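One chain follows as structure tokens, the form predicted on its own.
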């Protein structure tokens, strides 16, 4: 038995740790959906995860260990860029945040906060306008895609020099994960990737795992990590001061604006799925 009674959340794959951070020996402990889990690295290609005496299913993907407290209904979403041989794949951060996973996804989708929260890096005044962009739900792949997202950024990435108009694509392939594709400063024909994989410790606390997959031959892994951790350190207090901690799914709960177009689609998508964990349900 588990404390979580949400069948949607129980059937999802959840990230619990960066593979490179697991010691070669010794049992490690974490929490997922209110449950204590133990995990151990068996060798370079195997990690075991247990909930009490029960062995849980495990997937190793995109630098992280993923597990499921129920029975997975589908494979983990595809991220083909991770397999490209010339990419720098960096597990950039794991940060604890006092907020629900859906709130963190919604913040990740919000371009409107760039000039005010990430001033001088991802945005700057007077470049505050969120231009019109497109949002669609791919029913075949069961994910959200926001395209034609343009925003001026003084320093778009660790390897950037000088301000650019960045082209963004946002993808939500999982209720607790989001992927950002953005203009690559060194190769106009390709896109850098930043992914946020959220571990729901409980309904109002997460461990946010960040993956950066970039075309960058100049920056060190430390440079890439420090850039991403700086961004997250600016987001963390904003997230932790949002109330309620859980994401309201009632369309009347919070006033939408154009910058919230992705958030509106995301909330509607979660309502359609029937997700209960980490959200406040819409009124009947």
Partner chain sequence: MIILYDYELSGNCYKVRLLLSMLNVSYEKKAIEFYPAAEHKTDAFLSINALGQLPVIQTGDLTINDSHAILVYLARQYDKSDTWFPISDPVRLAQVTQWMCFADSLTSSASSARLVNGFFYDLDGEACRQEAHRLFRIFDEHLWFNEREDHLWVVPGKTPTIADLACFAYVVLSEEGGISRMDYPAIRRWTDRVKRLAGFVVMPGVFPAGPGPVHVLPANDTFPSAGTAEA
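Note that the structure is predicted; figures quoted are calculated from it, not measured. Residue numbers count along the first chain shown, from 1.
Here the subject shifts to the form predicted together with its partner chain, a form of this protein not shown in this document.
* Asked: Are all three of 80, 137 and 180 close to its partner chain in the predicted complex, meaning a heavy atom of each within 4.5 Å?
  -> So, no: the whole triplet misses its partner chain.
* in the predicted complex, which of the stretches 180-188, 90-98, 138-146, 166-174 has residues with heavy atoms within 4.5 Å of its partner chain? -> It is the stretch 90-98.
* So which of 48, 59, 28, 234 gets a non-hydrogen atom within 4.5 Å of its partner chain in the predicted complex? -> Answer to the contact question: 234.
* Using 4.5 Å between non-hydrogen atoms, is residue 222 touching its partner chain in the predicted complex? -> Yes, residue 222 sits close enough to its partner chain in the predicted complex that at least one of its heavy atoms falls within 4.5 Å.
* in the predicted complex, residue 35 touching its partner chain (heavy atom, 4.5 Å) -> Result no; residue 35 lies far from its partner chain in the predicted complex.
* Can you name the residues of 181-211 that have a heavy atom within 4.5 Å of its partner chain in the predicted complex? -> If the 4.5 Å heavy-atom criterion is applied to its partner chain in the predicted complex, 181-211 yields only 207.
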